[in-house]
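Encoded as structure tokens, the following chain is the form predicted on its own, with no partner shown.
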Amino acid sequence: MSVHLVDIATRVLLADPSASLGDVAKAAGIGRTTLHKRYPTRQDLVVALADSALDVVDEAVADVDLTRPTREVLDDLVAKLVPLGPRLEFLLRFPGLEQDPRVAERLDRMDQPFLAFVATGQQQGQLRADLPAWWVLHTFYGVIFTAWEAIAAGRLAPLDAPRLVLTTFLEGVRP
């Protein structure tokens, strides 16, 4: 799938989760028949976009050494994930992706090393141990998602996002 088509299809479906293949084809400047040849159903396109987003995540974090100190790993993850914005937003926001068994399995497989990293950070006293590891991880994802939304809305400069993400995640919002 071309990057152009991925970007446009992602943007169209995030803006309108009920958009048809015809809507996507029109926005991409290609014929509906051409798109239907590649993706016979809308669900096929959605799964392909999810796979593409997961590939982007896998590639971005492949070289992150999760055995380093917790803060270094978090700095690295934020630096790699914040710029991915809409590609990853699709995974978190698009309804029903978790219903596809293959996508659900890939999401679970993607989370496993990070859950182990969180558990290690908890055991070492670097992260709160009184919260489930899955909660800590999904809170981290949530703060990154908030940064993506703020960047897209023009409220946050991309270069300011890592500091806000890490400060909020590690220190919370209490005075």
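Just count from 1 along the sequence shown to find any residue number. This is a predicted model, so every value here is computed, not measured.
Although it is not shown, the form predicted together with another copy of the chain is what the next lines describe.
Colleague: Among 43-51, 25-33, 136-144, 57-65, which stretch has residues with heavy atoms no more than 4.5 Å from another copy of the chain in the predicted complex?
Modeller: Flagged stretch: 136-144.
Colleague: Does residue 113 reach another copy of the chain in the predicted complex, with heavy atoms at most 4.5 Å apart?
Modeller: Output for residue 113 is no: heavy atoms all beyond 4.5 Å of another copy of the chain.
Colleague: In the predicted complex, is there a heavy atom of another copy of the chain that lies within 4.5 Å of any heavy atom of residue 165, even though the partner is absent here?
Modeller: Contact with another copy of the chain, yes.
Colleague: Going by a heavy atom distance of 4.5 Å, is residue 21 a contact of another copy of the chain in the predicted complex?
Modeller: Close contact is absent here: in the predicted complex, residue 21 is far from another copy of the chain, nothing within 4.5 Å, heavy atoms only.
Colleague: So in the predicted complex, does any heavy atom of residue 17 sit within 4.5 Å of another copy of the chain?
Modeller: Residue 17 belongs to the contact set for another copy of the chain.
Colleague: Going by another copy of the chain in the predicted complex, which residues of 102-122 come within 4.5 Å of it through any heavy atom?
Modeller: Contacting residues: none.
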